[in-house]
Ligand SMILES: Cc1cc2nc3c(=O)[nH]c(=O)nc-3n(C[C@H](O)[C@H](O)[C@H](O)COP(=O)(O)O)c2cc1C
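One chain follows as structure tokens, the form predicted on its own.
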Amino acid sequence: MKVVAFLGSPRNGNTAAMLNAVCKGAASAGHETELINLTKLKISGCTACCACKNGKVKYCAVQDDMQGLYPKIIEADCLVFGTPIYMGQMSGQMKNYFDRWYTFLDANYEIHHLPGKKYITLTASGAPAEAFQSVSDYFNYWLGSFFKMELVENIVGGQLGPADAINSQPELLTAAENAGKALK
């Protein structure tokens, strides 16, 4: 199985630790893993030009680093999304990335390349986990209900303000690693 993880955090902290744990678990189960830090890439927002709907471009008219991510998304069997909670929502880097998934809808808004793929979501917040459950709900609605992907695990970490706060909640890292190990 090919597992591609996307990190939407600009610091190497709690979200990255959970994402690395998923990849570690998946690798120990014999899966191929790749972790991509979205904050190191140039990913612009969707321009709503609809070039992806008229067949004039392969993926998207916006020429940036997202062009290299589309094949990875398509080829993956499982996608993992990790984002900190900023201003009550996923990070801006993750949102730009996710907005660019518009290309996976054809002119009739039929979804292609994504249905049936497995996915894992991870969120980290300085507030209590319950305070921003809505971000996970958002992910799970769009990825599961809309794009018809299959949820493997949803891990919501709270009380994770400092970059190393995850060390005081090893159960989150264990859950993340076990999610990777459980992939089939």
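All residue numbers are counted from 1 along the displayed sequence. Treat the numbers as computed from the prediction; the structure is a model and nothing was measured.
A second form of this protein, the form predicted together with the named molecule, is not displayed here; the remarks below concern that form.
Peer 1: Can you work out whether the named molecule is within 4.5 angstroms of a heavy atom in all three of Val4, Phe81 and Asn140 in the model of the complex?
Peer 2: Looking in the model of the complex, the three residues Val4, Phe81 and Asn140 all stay beyond 4.5 Å of the named molecule (heavy atoms).
Peer 1: Using a 4.5 Å heavy atom cut-off, indicate which stretch of 147-155, 36-44, 57-65, 127-135 touches the named molecule in the model of the complex.
Peer 2: After filtering at 4.5 Å, what remains is 127-135.
Peer 1: Although the partner isn't part of this model, could you tell me whether Ala21 comes within 4.5 Å of the named molecule in the model of the complex, counting any heavy atom of the residue?
Peer 2: It does not: once the named molecule is placed as it appears in the model of the complex, Ala21 has no heavy atom within 4.5 Å of it.
Peer 1: Answer yes if any heavy atom of Ala76 is within 4.5 Å of a heavy atom of the named molecule in the model of the complex; otherwise answer no.
Peer 2: It does not: once the named molecule is placed as it appears in the model of the complex, Ala76 has no heavy atom within 4.5 Å of it.
Peer 1: Mark Ile85 yes when one of its heavy atoms lies within 4.5 Å of a heavy atom of the named molecule in the model of the complex, and no otherwise.
Peer 2: Because a heavy atom of Ile85 falls inside 4.5 Å of the named molecule in the model of the complex, the answer is yes.
Peer 1: Using 4.5 Å between non-hydrogen atoms, is Pro170 touching the named molecule in the model of the complex?
Peer 2: Taking the distances in the model of the complex, the answer for Pro170 is no, it never comes within 4.5 Å of the named molecule.
Peer 1: Does any residue in 1-20 get within 4.5 Å of the named molecule in the model of the complex, counting heavy atoms only, and if so which ones?
Peer 2: Heavy-atom contacts within 4.5 Å come from Ser9, Arg11, Gly13, Asn14, Thr15, Ala16.
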